[in-house]
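Before any questions on how it binds or moves, here is one chain, the form predicted on its own, in structure tokens.
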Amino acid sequence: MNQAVTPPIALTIAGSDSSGGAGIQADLKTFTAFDCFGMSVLTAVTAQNSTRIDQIHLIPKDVIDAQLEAVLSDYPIKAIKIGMIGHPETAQIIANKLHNRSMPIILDTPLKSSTGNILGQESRGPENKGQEGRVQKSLAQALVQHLFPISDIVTPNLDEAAILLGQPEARSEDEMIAQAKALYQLGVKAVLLKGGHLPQTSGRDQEYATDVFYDGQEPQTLTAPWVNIPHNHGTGCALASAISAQMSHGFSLLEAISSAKRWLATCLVKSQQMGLGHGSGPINIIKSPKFEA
């Protein structure tokens, strides 16, 4: 008789994407792709599709706190991925609940959606016009102050790194290395600075997308084939969740990152076959070859 195998539990703390391409939905799909049992704490509900975000509703802070308490008090969670926090005070609530926990914590930093919306405004109405910069800055400050110190790694893209540091966006690998080091100095244990947008921003034709990993030792560049397609909604969420899922299985941080990058490149290629949406459509989250039966 076969004995039941209990899968490792991975927790995502993030917002909901009604289109299913990013956020909680992408995280849970990714956990399943890596044979994890996914649990979730919801920070926001969004009304969005591949071209725009129409509404953002932030979950009340006491409800976020209650969700965290419920899952953390009952389940042996092996890894945690943090995504959209929605409100600066949410960062402090999360930090208070997780600061004594021993499981790996992977911090994604989605400050702006692929459609250009700031991921932290309750209303999309004209009364908030011109406040985007202030909202984005306060979210970035909250991430650095409260969540960097408890995280094992932070995974910003080039735009997010520039916002977190208050610097221009990196346009070369040397500038990426300098910014990865600067982010590390803000108090996180390791940085994965994602360079998927570098071929476009640098104006150069490139065969590979290069990320920079820095943990206080020698910087490392990690490459994967660069896939130039419009259907890339949810790439950041999926990558951070794939790292989290593999660390819940006991893989080291660098092993998890390298494998997650290879898997994500395949997902991007296969997203062309789906072609969902009229804008930045979702990636095709497929089963990881590591965990195929």
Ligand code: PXL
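Numbers follow the displayed sequence, beginning with 1. On a predicted model such as this, the values are computed, not experimentally measured, just so you know.
The same protein has a further form, the form predicted together with the ligand, not shown here; the description that follows concerns it.
119 is the sole member of 94, 119, 161, 198 with a non-hydrogen atom within 4.5 Å of the ligand in the model of the complex. Scanning 259, 32, 40, 46 against the ligand in the model of the complex with a 4.5 Å heavy atom cut-off leaves one residue, 46. The candidate site formed by 15, 23 and 53 is fully in contact with the ligand in the model of the complex, as each residue has a non-hydrogen atom within 4.5 angstroms of it.
Between 232-240, 59-67, 262-270, 245-253, the stretch whose residues reach within 4.5 angstroms of the ligand in the model of the complex through a non-hydrogen atom is 232-240. The ligand is not drawn, but in the model of the complex it has a heavy atom within 4.5 Å of residue 84. Within this chain, residue 113 lines the site of the ligand in the model of the complex, having a heavy atom no more than 4.5 Å away.
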